[in-house]
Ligand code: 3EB
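Below you'll find only one chain, the form predicted on its own, shown as structure tokens.
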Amino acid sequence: MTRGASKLDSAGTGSRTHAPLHLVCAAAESDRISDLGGYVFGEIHFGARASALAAPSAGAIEVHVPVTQLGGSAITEYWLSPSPVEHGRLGEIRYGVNEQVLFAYTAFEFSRSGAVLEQRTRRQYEAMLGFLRSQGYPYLLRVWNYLPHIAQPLQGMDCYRRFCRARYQAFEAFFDDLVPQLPATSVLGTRGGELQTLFLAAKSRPTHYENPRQVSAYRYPREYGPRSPLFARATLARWGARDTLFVSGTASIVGHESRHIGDAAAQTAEILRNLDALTAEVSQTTRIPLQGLDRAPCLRVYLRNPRDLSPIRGRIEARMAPDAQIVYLQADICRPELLVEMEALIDLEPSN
């Protein structure tokens, strides 16, 4: 374990975020890593590394997700801390921690055997949950899963449904009551390689939210698989001076049904309505004025078909702040009829 080995120039970082975790999306031609500020938990590259940026920070977790960036400049995500980060490895889990947050990554080689995929997925999640408990960061905030061949059948059931069943079994083995433990989550499909899982966890309990326009995923009917997907629509981490809302992967689903089959622009508009409803739910509870994505500094947009970029981009960018960074990625989505999915991190500043 190396303490503070991933330090960048930290001047001003604490005063900017007042939170133990901060996300910066850096475009290669306009940003330099030395200007970002803070200590690095990890950096996430989608496809090729942003070539103008420096080599990986010493000790930082470096993840390459095998998806293609669309729409111009390559963007890298940097997860930063205002205080020193300790990095380490336990088995297949690589991690970084500060006094409040744990950032970690694990992966295993994808198998075309359905039974093996489920066995490895369950083992991976059980190792993750046990690790968090042993390290004293028992509360999951956010999980990202990148699952090769997500919609392809393996011995009569598609990969996503097998993944969901194995994940359910792992959670069921650890918790008597699953719902309070479910974090914001995304599961996206890649064309090959490893099943990659990134996760954020905290020492203090967050608040999880559901969307009034959607059936909670953990209550989906059995037509979507033998075990329900396990995630909350959003998770709020309360830091004090500035809080963070992690929004799960959100698609054109109302109730539990997919809407606007074959129309990417209409699906995008439905997603924005879902995000408006979700943030209104959070706003009512926290009394922080929110309107959709108005406080989202970074947004990931996953598209099934690159040809849909133009109509999707126009609708999204009309709603975002001018300085928001948007990462457009080609990826497969859990249901074959869904063409686009969006996720966000939203900064909240509590009222006095």
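Start at 1 and count along the sequence shown; that's the residue number. Every value quoted in this text rests on a predicted model; they were computed, and no experiment measured them.
If you look for the form predicted together with the named molecule, you will not find it shown, but the lines that follow are about it.
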**Prompt:** Looking at the partner-bound form in the predicted bound form, is residue 190 within 4.5 Å of the named molecule by any heavy atom?
**Reply:** no
**the named molecule contact at residue 102 in the predicted bound form, heavy atom, 4.5 Å** = no
**Prompt:** Counting only non-hydrogen atoms and a 4.5 angstroms cut-off, does residue 139 reach the named molecule in the predicted bound form?
**Reply:** no
**Prompt:** Are any of the heavy atoms in residue 344 no more than 4.5 Å from a heavy atom of the named molecule in the predicted bound form?
**Reply:** no
**Message:** Considering non-hydrogen atoms and a 4.5 Å limit, which listed residue (79, 199, 246, 160) is close to the named molecule in the predicted bound form?
**Reply:** 160
**Item:** 268, 211, 185, 235 - the one with a heavy atom within 4.5 Å of the named molecule in the predicted bound form
**Value:** 185
**Asked** Within 4.5 Å of the named molecule in the predicted bound form: all of 24, 42 and 75, by heavy atom?
**Response** no
**Message:** To test your reading of this chain, name the stretch in 202 to 210, 238 to 246, 223 to 231, 106 to 114 whose heavy atoms come within 4.5 Å of the named molecule in the predicted bound form.
**Reply:** 223 to 231
**Request:** Select from 317 to 334 the residues with a non-hydrogen atom within 4.5 Å of the named molecule in the predicted bound form and write them out in sequence order.
**Result:** 334
